[in-house]
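In the block that follows, a single chain appears as structure tokens, in the form predicted on its own.
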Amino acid sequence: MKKIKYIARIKRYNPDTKESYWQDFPVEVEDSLTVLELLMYIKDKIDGSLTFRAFCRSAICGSCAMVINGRAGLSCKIQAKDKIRNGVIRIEPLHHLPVVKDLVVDQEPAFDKFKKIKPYLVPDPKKVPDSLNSESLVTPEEFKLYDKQTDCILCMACYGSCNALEGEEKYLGPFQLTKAFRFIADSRDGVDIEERIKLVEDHGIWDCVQCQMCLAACPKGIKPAEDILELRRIAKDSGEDNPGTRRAKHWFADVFATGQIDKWHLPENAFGDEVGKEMTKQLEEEFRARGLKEEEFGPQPFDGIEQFQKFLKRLVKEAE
């Protein structure tokens, strides 16, 4: 079997000193190793103190998720040789979660958010019989609506890749919202759709930035970003007066009037008094730090806005 030489550059963390640092491990190993097998080799042959989490080694349990060359994924599924760049492979713990030691992260903050969305079926008595001798039937068409979402193994690779969490640690996260969609789509669930939507609105569906990083990270091919868009549609159709629908109306009105998004008035129009005032205060500090005067905070119509408005009207008419 062919052997290759390269450097495994691993981001380590010492909980005693609270020190985070990179350490290089030169290796000469078989070219068939997965990233997890590479880590096991280093632990067995070079440094027994290296700490990481792994169980099934079959891309089923989801415990070995980590960041490899800047992208989150399952280390047991990824071939190490495919990730070598300039003779180096970089391995670090999942982002957005506290590091316990080396490549092991504390998953509790993400699971605490998970609990908020009620990730379980509340049986609808009209669909789920009381008797254990009777079946709760689901048609193939119904199951197809959430079939893929049931493949989620809670590995948190999507969570570790999410750009929305970069600026808002309270954001629920991709896998949490995918699971919320899974139960909304389940015809056996007895919780009102409006109630489930309310569970995912605060720091949830309207905060997703649609970066699509969760799609790239998921080892099971699930698409949380698309589930979030569907949840937004459900929220709109359910008649909820929420920040997302108000923000969408505000954006369209602003773009139609000036050709630009009015960031200055957005908070008060979308989020109401208390939250809106706090966000407006932060915006004012940001604008003044950039040297803007108060009259420059809001956008002004650009030249040729009339032609742009005619174009928007035509698009709206075609969509009707």
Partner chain sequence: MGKKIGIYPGCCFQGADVHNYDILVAFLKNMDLEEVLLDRSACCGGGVIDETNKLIVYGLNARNIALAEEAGVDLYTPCNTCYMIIAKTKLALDSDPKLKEKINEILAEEGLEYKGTATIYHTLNLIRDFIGLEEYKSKLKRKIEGVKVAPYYGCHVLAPNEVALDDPENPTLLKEILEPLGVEIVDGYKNEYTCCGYHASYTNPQQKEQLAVKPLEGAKEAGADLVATPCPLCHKAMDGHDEPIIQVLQLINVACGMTPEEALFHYNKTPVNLAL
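Numbering follows the first chain given and starts at 1. Between two forms, the rigid core is defined as the largest C-alpha subset superposing within 1.5 Å. Here the structure is a predicted model, which means the values were calculated and not measured.
Note that the form predicted together with the partner chain isn't included here; everything after this is about it.
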Notebook entry, point to check: For the chain seen here without its partner, which of 223-231, 185-193, 125-133, 105-113 has a heavy atom within 4.5 Å of the partner chain in the predicted complex?
Noted result: 223-231
Notebook entry, point to check: Heavy atom to heavy atom, is Leu215 within 4.5 Å of the partner chain in the predicted complex?
Noted result: yes
Checklist line | 4.5 Å heavy atom contact, Glu168 to the partner chain in the predicted complex | finding: yes
Check: Leu199: heavy atom within 4.5 Å of the partner chain in the predicted complex?
Finding: no
Check: Closest heavy atom of Leu121 to the partner chain in the predicted complex, within 4.5 Å or not?
Finding: no
Next item on the list: Just give me the single entry in Gln260, Thr51, Thr34, Ser63 that has a non-hydrogen atom within 4.5 angstroms of the partner chain in the predicted complex.
Entry: Gln260
Item checked: Interface residue in the predicted complex among Lys83, Lys148, Lys101, Lys77, criterion: non-hydrogen atom within 4.5 angstroms of the partner chain -> Lys83
Check: Does any residue in 67-85 get within 4.5 Å of the partner chain in the predicted complex, counting heavy atoms only, and if so which ones?
Finding: Ile68, Asn69, Arg71, Lys83, Arg85
Check: Under a superposition restricted to the rigid core, does Tyr13 display a Cα displacement of 2 angstroms or more between the shown form and the other one?
Finding: no
Note to self: Given a core-based superposition, decide whether the C-alpha of Thr258 shifts by 2 Å or more between the shown form and the other one.
What the structure shows: yes
Item checked: Residue shift check between the shown form and the other one, rigid core fit, Trp22 Cα at least 2 Å -> no
Margin query: Tyr171 and Arg288: their C-alpha distance differs by 3 angstroms or more in the predicted complex. Do they come closer or move farther apart compared with the shown form?
Written below: farther
